[in-house]
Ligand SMILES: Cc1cc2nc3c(=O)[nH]c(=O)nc-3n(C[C@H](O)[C@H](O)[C@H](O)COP(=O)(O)OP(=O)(O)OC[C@H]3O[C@@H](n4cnc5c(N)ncnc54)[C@H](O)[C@@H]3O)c2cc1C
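Below, in structure tokens: the form predicted alone, a single chain.
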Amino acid sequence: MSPTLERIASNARLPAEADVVVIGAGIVGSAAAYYLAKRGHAVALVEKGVVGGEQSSRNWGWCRQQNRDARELPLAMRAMDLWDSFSREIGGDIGFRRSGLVYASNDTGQIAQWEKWRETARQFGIDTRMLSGSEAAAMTGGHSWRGGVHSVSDGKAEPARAAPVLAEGARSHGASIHQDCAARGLDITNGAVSGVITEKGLIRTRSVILSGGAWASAFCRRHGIRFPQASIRSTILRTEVAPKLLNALYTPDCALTRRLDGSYTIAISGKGTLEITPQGLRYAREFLPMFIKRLKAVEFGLGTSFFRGPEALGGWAFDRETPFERIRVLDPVPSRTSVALTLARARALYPALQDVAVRESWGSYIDSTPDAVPVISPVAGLQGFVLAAGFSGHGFGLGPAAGHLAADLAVGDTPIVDPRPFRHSRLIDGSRGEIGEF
């Protein structure tokens, strides 16, 4: 089932034209619309389903700098500042709190990796400290650990509220929001964007941001653009209101995040299913190093995704129903086995959860690039088109800065950070770096 999500209204009328059309109203698209509208640009935010309905409301809610790939860190640092500013600027509580994040483990290899990452942290001035076994135990309620990390200035926000509140912030500056309005494709004239074809009509524009999550590669492919993307299906649960145990904790067995209402989001990091699909087979060579690296955590399966959804076979015409309309919200069935295992691990760690019921559970698709670093970039050969996708499980925390960067690139403003690490061409010309954290 879909996770609980704050719902907002759509604007009644589709505009005939806009300075920028943003396709996909998750956290990145909503942030992009907000920063564009705030600068006075006419913006239309179009979403095939509901604002925040897919991965933006299905994640842990963590907003972190800790353990990030060095290429992402400048973006992560700016994102933290932007998260801080939203309540003041927009007036709605997104639930952002710099609560600190705690990591604890008995795996000496993992602890050594965290220690090594401190070299990166020092280069960027990140506030993080290693924990001894006794310190980790004190911060997690007395459990026995070999060691851990406390990312002091990191925090969390509320996935159910973040994208809707940001979208409303964009509307307060003049943006229009259009839900149940799939973008079927682009109108292209002489190699440049001239409009977006939606199921409700054409919006003329010279600038488009595609922040379509797991659907981005299929949309790109329809226009002859190669974007290697793969999605891992994961399962998360949320408890009823429970005793306060902590704010946010990662362990190899499970991760827990306390939400504003006192419930917990609980998941197993890295555990998921890679479904065999036509898109997956198309980009298998690019993703092979990543899958080998993460073979123990990922299961392989064959399901309905081979025939329907963002990675299935087939194209579509712009004047009839498309896959985006047939699946308004990508809402995979959660794995009952994963729910049971996650709950058992959490209760073993915290017996106080023994009698706390599961309020809801849900599935999600975490879309990734071959190097686990997103693409936020213009695309060569199609003027006016900016791609912002492939966030590899990092998109929620990066969302404000990622949207800001996409907005900068769409209108030619000075980028909030150096955009070169996020260039689309690195996935095409072989210039990408090492596989990042996932």
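Model, not experiment: these values are computed from the prediction. Numbers follow the displayed sequence, beginning with 1.
Omitted from view is the form predicted together with the ligand, to which the following refers.
- Within this chain, residue 50 lines the site of the ligand in the predicted bound form, having a heavy atom no more than 4.5 Å away.
- Contact between residue 59 and the ligand in the predicted bound form is found at the 4.5 Å heavy atom cutoff.
- The ligand in the predicted bound form is approached by residue 55, whose closest heavy atom lies within 4.5 angstroms of it.
- Taking the partner from elsewhere, residue 404 is found to have every heavy atom lying beyond 4.5 Å of the ligand in the predicted bound form.
- Checking 236, 230, 175, 346 for any heavy atom within 4.5 Å of the ligand in the predicted bound form turns up a single hit: 236.
- Contact with the ligand in the predicted bound form, defined as a heavy atom within 4.5 Å, holds for exactly one of 200, 328, 308, 223, namely 328.
- Looking at 376-384, 33-41, 396-404, 409-417, the stretch with residues near the ligand in the predicted bound form, meaning non-hydrogen atoms within 4.5 angstroms, turns out to be 396-404.
- Within 4.5 angstroms of the ligand in the predicted bound form, the stretch 20-40 places a non-hydrogen atom from each of 23, 24, 25, 26, 27, 28, 29, taken in sequence order.
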